[in-house]
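In the block that follows, a single chain appears as structure tokens, in the form predicted on its own.
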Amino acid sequence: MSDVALGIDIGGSGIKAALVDVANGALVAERVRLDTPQPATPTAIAETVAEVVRSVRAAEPDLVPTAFGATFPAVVQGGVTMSAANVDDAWIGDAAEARLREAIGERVHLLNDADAAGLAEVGFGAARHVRGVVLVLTLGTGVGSALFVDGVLVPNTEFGHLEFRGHAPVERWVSDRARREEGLSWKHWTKRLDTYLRYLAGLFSPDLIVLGGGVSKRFDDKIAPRLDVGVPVTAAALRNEAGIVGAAWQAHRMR
């Protein structure tokens, strides 16, 4: 087997981790998941991450990771979390990468969660071998974004936090959470999504838009037939494993 890296996906509701074959982006063992502690403070999350990592390594003692990567729902600059989405505000300005390194006893490469998902799609999924501008959106509790130019990531774009048509941030209007909480039909919600995607397409002229998150499961029957964006739009391929795979792959590349 080629190099194996460990990917950790830290979210507001769950913390997941698994070993990944960085040659093909495939998980080589079952992932481990624990609920995100509440309140989701830096100390509590770091302890839970350490527990998840111990469980992964104990389950596969013969597979030794060559790198450790982690995602976080925040802008990440120089290993510091500059914002906080669905976790405690104490993360804002925290030296998160160093904190996780101390918790698990290994060097950790930390990046934004949507950026990690996008890297997985560019490396192994729906955007593999696509040149030009690729925009990856994750539609869930909020809206995450990852922007690529010829496969190179432009980090921390946070397009879900734009103000659009009086909605600030726009994710409160167009996320899957908004669809569920407002009781919107797929037809009504997809009309909103189409409007938002056409706006982003006008700003960035993407060659491809990739939609991830929970709604990607309904892309073919509920979403695609109602889109008229003017550029190709497709569903993400890696879905719930994208954050883990992207974190592991990027950590391997950054060794």
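Note that the structure is a prediction, hence the values are computed from the model and not measured. For every residue, the number given is its place in the sequence shown, counted from 1.
There is another form of this protein, the form predicted in complex with ligand BGC, and it is not shown here; the text below is about that form.
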Next on the checklist: Taking 4.5 angstroms as the heavy atom distance cut-off, pick the stretch from 140-148, 89-97, 102-110, 179-187 that is near ligand BGC in the model of the complex.
Outcome noted: 140-148
Item to check | 4.5 Å heavy atom contact, Ala114 to ligand BGC in the model of the complex | outcome: yes
Next on the checklist: With the partner left out here, check for me: in the model of the complex, does some heavy atom of His167 sit within 4.5 Å of ligand BGC?
Outcome noted: no
Next on the checklist: How about Leu153 - does it come within 4.5 Å of ligand BGC in the model of the complex, if we only consider non-hydrogen atoms?
Outcome noted: no
Item to check | 4.5 Å heavy atom contact, Ala126 and ligand BGC in the model of the complex | outcome: no
Next on the checklist: On the criterion of a non-hydrogen atom at 4.5 angstroms or closer, are Glu121, Ala237 and Val245 all touching ligand BGC in the model of the complex?
Outcome noted: no
Item to check | Partner contacts for 48-79, taking ligand BGC in the model of the complex and a 4.5 Å heavy atom cut-off | outcome: Pro73, Ala74, Val75
